[in-house]
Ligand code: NDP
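We begin with a single chain expressed as structure tokens, specifically the form predicted on its own.
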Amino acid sequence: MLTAEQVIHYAAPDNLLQDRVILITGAGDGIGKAAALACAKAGATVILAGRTVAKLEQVFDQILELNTAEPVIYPIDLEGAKQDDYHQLAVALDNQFGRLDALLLNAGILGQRTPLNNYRQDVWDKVLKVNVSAQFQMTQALMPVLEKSTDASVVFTTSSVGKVGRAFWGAYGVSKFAVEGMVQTWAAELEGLGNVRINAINPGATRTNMRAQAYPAENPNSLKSAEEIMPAYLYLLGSDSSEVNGQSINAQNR
């Protein structure tokens, strides 16, 4: 396993993800879009999952311009999706590709920035559904397809507010604590049993719409772009991290 600093500055080999099939949630913009483009450039066939088809189509077109493997669009709304929807996704992937080599669970929502005493129940339920329950349901449903890969990587998205509790982060902070626990539990259960590994990645302070929503007074130009933090993502999604399991990795120093 690389050191934390080596992960941040990881130089992906050419064709690192050649012939790998990778599903990315929230692929329509922000970090998900950057990851989709980076994976395509590294040779992967990317399944673009998200709720806004128009955004997914834009990313689809950008990947086509790279003259790499043609991506696949798979619209899905994590807030409304049921167990059967994830089962249908698994069947579709199995029928088309026969396996899934990596799953990047990037999609998430912020919810309210307010004291827990004032937190709205409906917002709480929505954040926990999208950020925790949907992540669990999708991963569980896709596990049989992941197990057909000789080297499968599942990457959840965490946050610094999911490691040490901070005031006013509400359901979002709680959801990221849950993700950390889910990754550790699932990784321990899979350790030494097959070819699937599970880790978490903390993107850190990145120039995204969610960051702007959380810190409206912050100068976005002081932050790294989503493209600049891709080395850590490529490391976890590729075979160089095949021995890494149950870890929570930072994509940058801040």
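Please read all numbers here as calculations on a predicted model, not as lab measurements. We number the residues from 1 along the sequence you see.
We do not show the form predicted together with this ligand, though everything after this point is about it.
Checked against this ligand in the predicted complex, the candidates Val155, Ala107, Ala171, Leu93 yield a single residue with a heavy atom inside 4.5 Å, and that residue is Ala107. A heavy atom within 4.5 Å of this ligand in the predicted complex is found for exactly one of Ser149, Ser159, Gln112, Gln137: Ser159. Among heavy atoms of Asp77, some come within 4.5 Å of this ligand in the predicted complex.
Looking at Lys41, you'd find every heavy atom of it more than 4.5 angstroms from this ligand in the predicted complex.
Using a 4.5 Å cutoff between non-hydrogen atoms, Val145 does not count as a contact of this ligand in the predicted complex. A residue is said to contact a partner when one of its heavy atoms sits within 4.5 Å of a partner heavy atom; Asn209 meets this definition for this ligand in the predicted complex.
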